[in-house]
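Here you'll find one protein chain in two forms, each presented separately as structure tokens under the names structure 1 and structure 2.
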Structure 1
Amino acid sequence: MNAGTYPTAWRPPAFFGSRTRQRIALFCGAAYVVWSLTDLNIDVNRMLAGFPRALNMLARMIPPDFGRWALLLDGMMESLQMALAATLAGALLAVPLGLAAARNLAPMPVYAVARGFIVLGRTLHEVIIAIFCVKLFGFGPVAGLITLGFASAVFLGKMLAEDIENVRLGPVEAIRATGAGFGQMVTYSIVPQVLARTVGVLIYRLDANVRHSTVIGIVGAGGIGQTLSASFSRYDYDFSAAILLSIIALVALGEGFSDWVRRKLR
């Protein structure tokens, strides 16, 4: 074997097709970073000043102050209650919404309206919905309940609609062929097919609502988020740390519970 006859250099094929295109892609990426950073007017000095401030804040967070546990527990319970009630309310509202948004069940105009509602509801962040609910229902957990209930209904409705659209049509036809009405058809051919998955989605949504319930308090919609927001504005960092740790624990527990139930369901 003569080494001279074989190439001594090799480069892997370019990720974006050709080497020129790869260079252009890299250049665009770099140009974007430069543009966005200049566009954001980032004050480097202020950013650097943040690091000692972060250390200072961390020092004040340790040890976390669990002394006001009654206040903390109140907020956590409120969040949990909002999440639970919202999940149930959302589930009830999701049934008609899901039926209306299933292409294979609903007539076209109903389908279009329901789908439009779902798209609108999913696009706007919970916090935006919450701020409107606060305007309509005043400060407090009711606004939070409505926000989460609305968001849950939209989410569950969408999942339900997709599940219904994916049902096997054989059983539906068979039940229709017996002369059953719409309600009978739904209970005998669609419910059995989508029930298990829907319960799984419902549990997942309960877990998601626990997460969201911790944040909508920022705009006054009740729950632990309101307590956290207040503690930050008072520079009450040791209490903030206690709240943050409690939120992490609650969310982690919620996720563990949700995973456990969904594993059991399978």
Structure 2
Amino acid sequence: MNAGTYPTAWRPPAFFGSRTRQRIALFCGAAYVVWSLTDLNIDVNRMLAGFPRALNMLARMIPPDFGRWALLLDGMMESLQMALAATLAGALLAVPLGLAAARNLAPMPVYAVARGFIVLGRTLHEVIIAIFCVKLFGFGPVAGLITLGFASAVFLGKMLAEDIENVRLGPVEAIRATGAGFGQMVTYSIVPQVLARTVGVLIYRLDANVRHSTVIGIVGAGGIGQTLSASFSRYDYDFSAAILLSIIALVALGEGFSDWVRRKLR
């Protein structure tokens, strides 16, 4: 065979089996994006009018006003307390939920109920849950604590269940062969295999709760977010800038703590 018939340059394989189907898929995707933009009824003039208002807001944010540091500190401490307490409560609730949602441990009826609860809980965003909790329990950190605790339990329970389903069956069968009960089997064959990853996920959730605690406060669930929402409502933009900078510092501190703990665990 003539060497000239072989391709001289490598081309990646097509995503959809052939170049023609790939071009058709890309064309359909581009057409859908264009249709979506036209169907959203975007008002370009209104968007352009917002830029001067944004510049005016930024100008009024400078310099940030840290004069009300006591109010700022109270909001930050409230957010931290909500995040820590919610993470602890969520971790305690996630243990039975994760065991019930693991297919290799729980019978089918228990598994179906636990998985359904996890799916339902993960369907609702923290802000949506916070709105319900504010309506039920009123404004303040109680609504935020319940919101973050529920979200943490669902998230940690799902991750724990998936880790349990992926454990090696050898240690489990060996412990069962000794006549050990369910609790002993979980303690001596499941826990050692999932502990390190579960602690890492728990630290990640703590970091996420610190960030979420600053968001759910905007709908009245306590924390620094509620202080931020009130400052924007009063057009107190210099104090809003101080709050935003404090939130950035808090999240950065939480990220650094999370990285430090993960390095210690490795």
Partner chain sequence: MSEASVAKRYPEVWRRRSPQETALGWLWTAAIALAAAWSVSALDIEWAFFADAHVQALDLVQRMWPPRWSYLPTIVRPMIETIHIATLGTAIAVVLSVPLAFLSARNTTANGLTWAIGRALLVASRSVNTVIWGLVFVAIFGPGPVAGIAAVAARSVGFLAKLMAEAIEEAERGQIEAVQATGASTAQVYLVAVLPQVMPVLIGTTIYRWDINVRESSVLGFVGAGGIGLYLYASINQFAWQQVLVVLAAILVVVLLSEALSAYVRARIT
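By convention here, residues take numbers in order along the sequence of structure 1, the first being 1. Between two forms, the rigid core is the largest collection of C-alphas that superpose within 1.5 Å. The model shown is predicted, which means the values in this text are computed figures rather than measured ones.
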Q: Identify which of the two structures, 1 or 2, is the form predicted together with its partner chain.
A: 1
Q | Core-aligned C-alpha movement of residue 29 between structures 1 and 2, 2 Å or more | A | yes
(Q) Need one number: degrees of rotation of the smaller rigid part relative to the larger between structures 1 and 2. (A) 25
